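In structure tokens, the next block holds one chain alone, the form predicted alone.
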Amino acid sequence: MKHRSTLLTTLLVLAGLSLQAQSISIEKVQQPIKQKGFYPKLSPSGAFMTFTSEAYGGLSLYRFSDNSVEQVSTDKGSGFDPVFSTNEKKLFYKQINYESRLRKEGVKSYDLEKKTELEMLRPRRNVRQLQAYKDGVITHAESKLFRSSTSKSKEAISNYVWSDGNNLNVFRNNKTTAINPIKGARGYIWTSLSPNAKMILFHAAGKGSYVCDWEGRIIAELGDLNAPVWYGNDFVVGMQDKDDGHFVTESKILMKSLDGKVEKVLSPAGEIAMYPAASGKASKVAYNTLAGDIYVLDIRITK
């Protein structure tokens, strides 16, 4: 009987351990900038944050080290999805021009130390999302891949992923391939590579958000999660929003683990919170409210 009792106790302890999981907590909430801003973007280390206007006009930079704000650009469209170089010395962003009523987009860089601007790519048609590497940026435009560097480095072109609307396109090992991971999807948006460059995060219109590998094999199904972004390699942050056909009526920021075991709402109940940004290295998540207030959260994940 004593042996059976000991065995039962051991099994109960093991069962309890198996039920333990990671937990997500909010350690601090701050509103670092008082001016109105939208679509925040955090640098990889969390040292910088960009924000823009509701219509993506102009681009501003916030430095966490000294709580300063500076105007990077006043160009139209410059606030649409800017990216930091991986060494965080440059910021890359688009500019919008109209020539003979045709929309064209160029790419510029901003030196974070010298505070100077440089044209990286002359305006042209169908410029896709920007993806940065150590000292440059990659984009796809007019059926070509463009790599623009701020140095004379001979570094090979990095792996790159982008959406043309209908397909996910991947450039890897000097080869471009179109993949269609979700059958019946009405197109793909919000695509990005994981920090370790092994996984692709995307949203399939009409289906939800997912993570797949380079061959399109599904790794995680994240469900109804819009504007998703990476928080490290194991978590994704996005928004769950509702509208009445004209205006957003509800929206909350949600954090999920890829294994589906952990999730947490990060925004207060009743607040319309939108368009998150994340830095797993800095343990930070940022978002804007419908009114244009930007909040930054310090996140803690425990096991």
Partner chain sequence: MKNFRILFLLIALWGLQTALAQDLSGVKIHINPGHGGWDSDDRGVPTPLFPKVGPNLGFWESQSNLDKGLQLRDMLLALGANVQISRTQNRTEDDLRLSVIVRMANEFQADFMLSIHSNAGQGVANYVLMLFAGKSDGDTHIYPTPTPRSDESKAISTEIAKNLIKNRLNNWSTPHYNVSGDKTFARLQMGWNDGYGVLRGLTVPGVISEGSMHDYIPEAYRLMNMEYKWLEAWNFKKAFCTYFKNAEIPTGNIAGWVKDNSLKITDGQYIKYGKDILLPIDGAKVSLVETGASYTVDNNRNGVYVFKDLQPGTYTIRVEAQGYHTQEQSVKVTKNEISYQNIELVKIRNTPPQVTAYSPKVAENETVECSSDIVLDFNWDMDEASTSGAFSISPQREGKITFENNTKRLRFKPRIPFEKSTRYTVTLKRTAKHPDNMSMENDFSFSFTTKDRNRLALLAGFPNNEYKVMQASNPAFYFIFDGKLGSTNMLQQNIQVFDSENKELEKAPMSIRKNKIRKGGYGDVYFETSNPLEAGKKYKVVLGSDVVDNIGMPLVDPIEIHFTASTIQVNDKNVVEDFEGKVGFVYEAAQSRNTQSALSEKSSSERLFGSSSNMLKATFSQQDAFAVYKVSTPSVSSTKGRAFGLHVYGDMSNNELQLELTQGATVKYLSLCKLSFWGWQFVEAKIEEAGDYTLSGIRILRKEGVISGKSTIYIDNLLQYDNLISSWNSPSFEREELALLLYPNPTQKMVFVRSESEEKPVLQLYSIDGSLLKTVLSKEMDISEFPSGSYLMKIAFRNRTFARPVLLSK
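Remember, it's a predicted structure, so these values are computed and weren't measured experimentally. Positions refer to the first chain, counted from 1.
There is also a form predicted together with its partner chain; it is not shown, and the following applies to it.
Of the candidate stretches 194 to 202, 99 to 107, 67 to 75, 174 to 182, only 99 to 107 has residues with heavy atoms within 4.5 Å of its partner chain in the predicted bound form.
In terms of contact with its partner chain in the predicted bound form, the residue from Asp241, Glu263, Glu271, Asp234 that brings a heavy atom within 4.5 Å is Asp241.
Of the residues Lys115, Arg186, Arg122, Arg217, just one reaches its partner chain in the predicted bound form with a heavy atom at 4.5 Å or closer; this is Arg186. Proximity of Lys36 to its partner chain in the predicted bound form falls within the 4.5 Å heavy atom cutoff. In the predicted bound form, its partner chain sits beyond 4.5 Å of every heavy atom of Phe146. By the criterion of a heavy atom within 4.5 Å, Asn166 is counted among the residues contacting its partner chain in the predicted bound form. In the predicted bound form, its partner chain sits within 4.5 Å of a heavy atom of Tyr275. For the stretch 200 to 238, the set of residues having any non-hydrogen atom within 4.5 angstroms of its partner chain in the predicted bound form comprises His203, Ala205, Gly206, Lys207, Asp224, Asn226, in sequence order.
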